[in-house]
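Next up is one chain by itself, shown in structure tokens, the form predicted on its own.
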Amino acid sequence: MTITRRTFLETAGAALATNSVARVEASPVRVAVIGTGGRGSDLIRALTTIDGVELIAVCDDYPPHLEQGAKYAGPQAKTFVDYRKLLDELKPQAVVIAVPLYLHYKIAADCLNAGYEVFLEKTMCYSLAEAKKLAAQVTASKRVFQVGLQRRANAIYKQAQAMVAAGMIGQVVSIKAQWHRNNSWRRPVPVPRTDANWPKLERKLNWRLYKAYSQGLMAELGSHQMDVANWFLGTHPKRVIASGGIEYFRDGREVYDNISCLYEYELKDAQGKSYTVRANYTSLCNNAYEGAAELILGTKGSLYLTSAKGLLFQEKGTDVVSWEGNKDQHAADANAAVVTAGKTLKLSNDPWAHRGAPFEIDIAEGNDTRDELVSFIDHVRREDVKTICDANVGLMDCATILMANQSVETGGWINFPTP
């Protein structure tokens, strides 16, 4: 496909049209939020900007977080320390859950058992066994359920996925993704180390650093980006090999401060022949170069994606090869010689040589946290269980990131788990 501004815009427009949110006039949706830490507060602030949402309660067992959440929610929202008391007394229509990973299954299962619609932050569950049980429970309950993998709601990623599906970058051949930060990931503890409560409070606030509560970088960051790979390729990986460790922040943490993964996906081309797409993923805590982004490489183009902007580069010269004998010495000097079939091909070493002027996928305004909640509320209103990130998507994502952690522990290839 030759990419023109017109085909680009038509495909992008179609992606937005097919993912538009239906507007239904109805009584407000009564929502409660369980977990008011950093992520929970983000969700609370977003909920207060959505028409038709009545935020009736917030819940957290850590007083400073509860106070913060109550401030963002507004005076109409009641506060609770025990989520079970909240569910029994107020009976919300929908519950938004943003608690530490090891609590995901228990609280989500209780909310479903109580008959409420559920928005559950990523990663869906701490273990694969929990994720399988929760997915089965969601199916049996026929309740609206959505996992917080917000790239599924981001207009840039929706457009990019539609472009891949339309063949605008040709056959996908490779994916590169990373989430690099230069930050210890450690949160301050508001009491001195000499305080008897320090050890317990430190683990409560820094739960992400300990294996009993957290699945580390892959669950907290990699879950988003490997979901993009699964989504764009339309399947889960066949296997993975990964390496990681604690190399820099030797501060008592138990989860890795860096991880590198190689995933293999098995797909079929237009002729039905199997081929492999390899996805490379890295996450660092001590270097922020490239930040968080995904690069989708295809035979006819490449998509460079971030939550704020995407770039589509069309491959140049894919059908025409410059052979030996080119009289343009400058061009010849810029090329590398590759011997094949008795001839010498001239292929460029220049990393910029095959990039044309990019088409920009840009949005003037966008907030994927808010957008995913808008979509969830819309599904609750319409009683539509086919959310943008349902339990099956969450289960696949959970399996994808946990197999990488398992690979680090075993030191070898790990196959995608059987159902």
Partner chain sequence: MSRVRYKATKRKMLVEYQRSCDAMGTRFDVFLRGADEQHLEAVAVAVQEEILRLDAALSRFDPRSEIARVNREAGKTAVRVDRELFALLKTCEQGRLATNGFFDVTQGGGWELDAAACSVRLATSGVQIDLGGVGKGYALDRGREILQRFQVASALLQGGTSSVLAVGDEVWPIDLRHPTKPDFIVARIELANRGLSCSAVRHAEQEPSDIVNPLTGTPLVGDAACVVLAASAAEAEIFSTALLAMGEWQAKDYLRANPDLNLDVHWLNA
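Positions refer to the first chain, counted from 1. Fair warning: this is a prediction, and the values are worked out from it, not measured in the lab.
Beyond the structure shown, there is the form predicted together with the partner chain, which is absent from this document and is the topic of what follows.
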Answer yes if any heavy atom of Ala136 is within 4.5 Å of a heavy atom of the partner chain in the predicted bound form; otherwise answer no. no
Close approach of Arg193 to the partner chain in the predicted bound form, 4.5 Å, heavy atom: yes
Although the partner isn't part of this model, could you tell me whether Ala308 comes within 4.5 Å of the partner chain in the predicted bound form, counting any heavy atom of the residue? yes
4.5 Å heavy atom contact, Arg370 and the partner chain in the predicted bound form: yes
In the predicted bound form, the residue from Val99, Ala177, Leu149, Ala73 with a non-hydrogen atom within 4.5 Å of the partner chain is Ala73
Among the candidate stretches 215-223, 257-265, 73-81, 236-244, which one is within 4.5 Å of the partner chain in the predicted bound form when only heavy atoms are counted? 73-81
Are all three of Val53, Ser184 and Pro188 close to the partner chain in the predicted bound form, meaning a heavy atom of each within 4.5 Å? yes
Residues from 35-71 in contact with the partner chain (non-hydrogen atom within 4.5 Å) in the predicted bound form: Asp42, Arg45, Leu47, Thr48, Thr49, Ile50, Asp51, Gly52, Val53, Gln68, Lys71
